[in-house]
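The form predicted on its own is given below as one chain in structure tokens.
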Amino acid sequence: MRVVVGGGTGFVGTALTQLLRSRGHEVTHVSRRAGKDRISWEQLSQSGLPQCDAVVNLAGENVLNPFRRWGDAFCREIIRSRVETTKTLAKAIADAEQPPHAWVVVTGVGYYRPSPTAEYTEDSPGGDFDFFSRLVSSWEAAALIPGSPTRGVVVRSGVVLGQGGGAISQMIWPFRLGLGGPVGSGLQPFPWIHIRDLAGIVCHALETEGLRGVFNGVSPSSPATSNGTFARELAAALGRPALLPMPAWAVRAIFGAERAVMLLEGQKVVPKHTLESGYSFIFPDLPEALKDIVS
């Protein structure tokens, strides 16, 4: 297939690109600047979608960037980087003379309300209780193309774990130094997925005719994983203790109250439709996933 990927040069995009090319697919990125195998967002808006068989959008500003102060300007940037890029690609698909066969957008499990007990499948309600849930609702609404022959897929991703980026890159050095520990109480659910599995689910969605709708991008063991469990397993993978929790007040001071919710609370998310679709997880369990990442 010829696949166009928005945000293809980022952390997840790089992994997906490697997987797609290893399976014989051609990949063109949409990014800020044009180049080899790459078009700009401006070119896409002006000239339309290059001929392709599938489109994926992974674009999005890092919400948990600790160097960005939480405020209206950052919120607008978060919305623009997700919702507007998705609208741009959806419009290009709708306007294409030969529409692609598949259209995949990766959103987030922030759609579901944080709870220490509730378990959520793809059929569970959500999407309208805080900034992040409404963001996901707007993001997914932007992907809809009424009447289009292109089948649409949404992958709601958990915390993406992998080498060289994502959540691990922000926390690994304290753990390597023996200064890591759970965030807040450590009891909150920790919905996670290995980056190879997130890329794998997207590739599976592209290659499997008939797949459409919402798929949860979390590990099967994710509902049983708390933040404290994650901290202990990461420390064990590194051969270090996990004795120093990050207190809730410090999290709120660094990230602001709204973003702190993402770290201090969590959701038990089940990949029901993902498993039913026939996807086989490479890293279903946390210890093996972390060993792969830190080795």
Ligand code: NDP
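Just count from 1 along the sequence shown to find any residue number. Since we're looking at a predicted model, the values are computed, not measured.
Form predicted together with the ligand: not shown, discussed below.
Chemist: Any idea which of 100-108, 118-126, 182-190, 207-215 reaches within 4.5 Å of the ligand in the predicted complex, heavy atoms considered?
Modeler: Going through the listed ranges, the match is 100-108.
Chemist: Given that the ligand is left out here, which of Val160, Ala90, Val153, Ile201 has a heavy atom within 4.5 Å of it in the predicted complex?
Modeler: That would be Val160.
Chemist: Given that the ligand is not shown alongside this chain, does Asn62 nevertheless sit within 4.5 Å of it in the predicted complex, heavy atom to heavy atom?
Modeler: Because a heavy atom of Asn62 falls inside 4.5 Å of the ligand in the predicted complex, the answer is yes.
Chemist: Could you tell me if Ser81 has a non-hydrogen atom within 4.5 Å of the ligand in the predicted complex?
Modeler: Judged by the heavy-atom cut-off of 4.5 Å, Ser81 is in contact with the ligand in the predicted complex.
Chemist: Is there any non-hydrogen atom of Val12 lying within 4.5 Å of the ligand in the predicted complex?
Modeler: Judged by the heavy-atom cut-off of 4.5 Å, Val12 is in contact with the ligand in the predicted complex.
Chemist: With the cut-off set at 4.5 Å between non-hydrogen atoms, does Ser31 touch the ligand in the predicted complex?
Modeler: Heavy-atom contact with the ligand at 4.5 Å: present for Ser31.
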